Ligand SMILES: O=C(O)CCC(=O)C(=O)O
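Okay, here we've got a single chain as structure tokens, the form predicted alone, with questions on binding and movement later.
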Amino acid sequence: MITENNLTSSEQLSYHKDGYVVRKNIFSKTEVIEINVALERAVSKALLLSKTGDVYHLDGKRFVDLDYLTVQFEPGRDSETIRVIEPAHQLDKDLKELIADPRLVGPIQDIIGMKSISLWTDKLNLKRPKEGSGFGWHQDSPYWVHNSENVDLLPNVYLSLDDATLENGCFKVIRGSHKKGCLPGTDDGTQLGGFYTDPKAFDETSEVSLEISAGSLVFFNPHIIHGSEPNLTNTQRRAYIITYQPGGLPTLKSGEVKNIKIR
């Protein structure tokens, strides 16, 4: 039975051709407010937990690991502003419930091509006003290819939790770049350089800036090159990104199997 949560034939065509598809204004303003409340609860908990974790620095960025939780801070060895939390769903029950929302799960089932799906990973990307740094061009698949035998079947959904603009560092993609599979990383001598895509391997003129409103979704391929600019505004630019996989498979960090119960 086809429902409004299924991808249309044109959406499926766009996803396979371009590597992404956008669905605008899927969550209401009230729902977005509630999700952001849950997000900030998770951030507060992560900040508290980070006081007792294992601290390390890569290219001037501070990371803290606690069990299978990783908290990444904005650049600066003593920064207390969180940039990324992965995974995040275990920090708040409302985020955990959101992962099974049919508006997220339905299109993912169509992309993977099966009803039974499970969680691979999820993360909160925080771009605080005037502090939120950018993300260089990269693919997700090179991070995951050594941990998953199904790297082609790890689609992402990006939930925009604030209006995203060029000025506050909206999500950007290189249209069609997913067709090349895993591409080589840079070799610039930095610790994290290998995780950023070699600029000689793609055409930056195919860049698409996704200026979307809060409550909108972007479904994107694990191989597509994506990134963003810093947040130069006085407004937030927060997002929740969830990555799924076929059912019955272990998650990236904890190794637990977290099958999605379809609502």
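Not measured: the values here are computed from a predicted model. Throughout, we count residues from 1 along the sequence that is shown.
A second form of this protein, the form predicted together with the ligand, is not displayed here; the remarks below concern that form.
- Contact check for residue 73: every heavy atom lies farther than 4.5 Å from the ligand in the model of the complex.
- Although the partner is absent here, residue 138 sits close enough that one of its heavy atoms falls within 4.5 Å of the ligand in the model of the complex.
- Taking the partner from elsewhere, residue 228 is found to have a heavy atom lying within 4.5 Å of the ligand in the model of the complex.
- Using a 4.5 angstroms threshold between heavy atoms, residue 175 stays clear of the ligand in the model of the complex.
- Of the candidate stretches 120 to 128, 147 to 155, 73 to 81, 87 to 95, only 120 to 128 contains residues with a heavy atom within 4.5 Å of the ligand in the model of the complex.
- When you look in the model of the complex, the only residue of 241, 249, 252, 22 with a non-hydrogen atom within 4.5 Å of the ligand is 241.
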